[in-house]
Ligand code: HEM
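Next comes just one chain, in structure tokens: the form predicted on its own.
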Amino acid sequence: MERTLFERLGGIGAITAVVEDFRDRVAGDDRINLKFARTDLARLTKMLIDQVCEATGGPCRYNGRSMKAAHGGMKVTKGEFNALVDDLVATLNQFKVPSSEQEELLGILGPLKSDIVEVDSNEVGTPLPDAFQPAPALMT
């Protein structure tokens, strides 16, 4: 039986390392980091790990909001979404994830674009609208 993408990526440890690197890369990326100005990074990290783990066939369950609900009102541009994908690919390359696994992962995440992008523009670095309400911080 073929191994799941989760297993081929290296399991939860590898996914956690990739998500943490990706989060830090995004935080340092002026093309998109304004969109995360009011995001609870601990919550974002956990949600991303759960989402990638579940989407790749792992044992996790993503219990966060839908992508449309989570990003509604953020006014994410097409350019900013593409910058985020660039950052993810850079992280995957840094961890030497093979291109076949990268393509499979991006194929899973790509369809989310229509739920995230609200502005058909190649502009990047746009501010988070004042009215946007981020998800509450995780209760620890």
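Residue numbers here begin at 1 and follow the sequence given. Owing to the predicted nature of the structure, the values given are computational and were not obtained by experimental measurement.
There is another form of the same protein, the form predicted in complex with ligand HEM; it is not shown, and what comes next is about it.
When contacts are defined as a non-hydrogen atom within 4.5 Å, all of 39, 64 and 80 contact ligand HEM in the predicted bound form. At a distance threshold of 4.5 angstroms between non-hydrogen atoms, residue 43 is in contact with ligand HEM in the predicted bound form.
Shown alone here, residue 51 lies within 4.5 Å of ligand HEM in the predicted bound form, counting heavy atoms only. When ligand HEM is considered in the predicted bound form, residue 18 lies well away from it, no heavy atom lying within 4.5 Å. Looking at residue 116, you'd find a heavy atom of it within 4.5 angstroms of ligand HEM in the predicted bound form.
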